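One chain is shown next in structure tokens, namely the form predicted alone.
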């Protein structure tokens, strides 16, 4: 039979997603309620009650959705302060990454990434026939700014992808470094999937600030440090956000981004017409109407992130890295991280294992509810004895 597959697609490695919950449940012989799932950076509190109510009351599931997501983009504009015309919604931030690459890249064009980071970046580059060039992060996961500058210039790169907070270590890019990189002749795609967990204020401070603000209170004004509005200042910056982490909508796939004015017409041109389904749109809109609930849950997650890191720091074979996200990366010392993952799995606790350049013998653990942290710590003590 004639092989019609693109040679580069035939040779590329597939993306490895997290195993579905029901598959894990069957494999482990445990009920889902008995599994502590801390391996995919999901929001353990799930969606707001307003989201559940909105989905239950939805009336138009049999009608195709608005191809421009106008109502959602209007709500996002109010939420972020970015004009609606500069916003686009996607089936998760993943779709938006793919759209940008499809518009900008010709076969062989260079995309610069700074691993270890999100595996979707090299994957989407390969799918879009781009040339992936890595500028590894330093030992502390900070960016090698000078090497990035040299690499972008040497390869005449089209796109530079940055993740802040970075997945899987939770580190941030500074404003000074970002401005320096934006001076390069390259489109900078800044993935802020986890930015809602940066700079969280306690409840009292949030209430005090809320009282001083106008009626249209947005979580981004009180606890998220985003660069979405920088898109209005820089013509070579795109910023991506998601509802997966903030609003517990990972299963509905809805994200959004702010993009340069010159780029958007072409993204609209090639976007799938009905990419945001009716349920996802209803859920996202309802989540934006329950902002105090979102803020409270984010504060709880950050609190539990700090408690988890402190509890696990008691084990001298676990080295935690500082995190500004909803997870903590640990380097495992003196024992096999893969075996640790498997031992935890047998106790019904799921964590993410890494063993690749920059992440040798590491595990990443998402922040869960307090009782899930307790299960995790108890399992670690059993393993450590």
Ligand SMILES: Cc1ncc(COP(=O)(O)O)c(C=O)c1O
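Numbering follows the first chain given and starts at 1. No experiment lies behind these values; they were computed from the predicted model shown.
The following text describes the form predicted in complex with the ligand, which does not appear among the structures shown.
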If we take heavy atoms and a 4.5 Å cut-off, which stretch out of 190-198, 172-180, 231-239, 76-84 is in contact with the ligand in the predicted bound form? 190-198
Residue-level question: is residue 132 within 4.5 Å of the ligand in the predicted bound form, judged on heavy atoms? no
Would residue 259 count as a contact of the ligand in the predicted bound form, using a 4.5 angstroms cut-off between non-hydrogen atoms? no
Contact test in the predicted bound form: residue 291 vs the ligand, heavy atoms, 4.5 Å: no
Residue 167 versus the ligand, in the predicted bound form: is there a non-hydrogen atom within 4.5 Å? yes
Could you spot which one of 149, 109, 94, 304 gets a heavy atom to within 4.5 Å of the ligand in the predicted bound form? 94
Can you pick out, from 227, 102, 297, 253, the residue that has a heavy atom within 4.5 Å of the ligand in the predicted bound form? 253
Any residue of 111-135 that, in the predicted bound form, places a heavy atom within 4.5 Å of the ligand: 118, 121
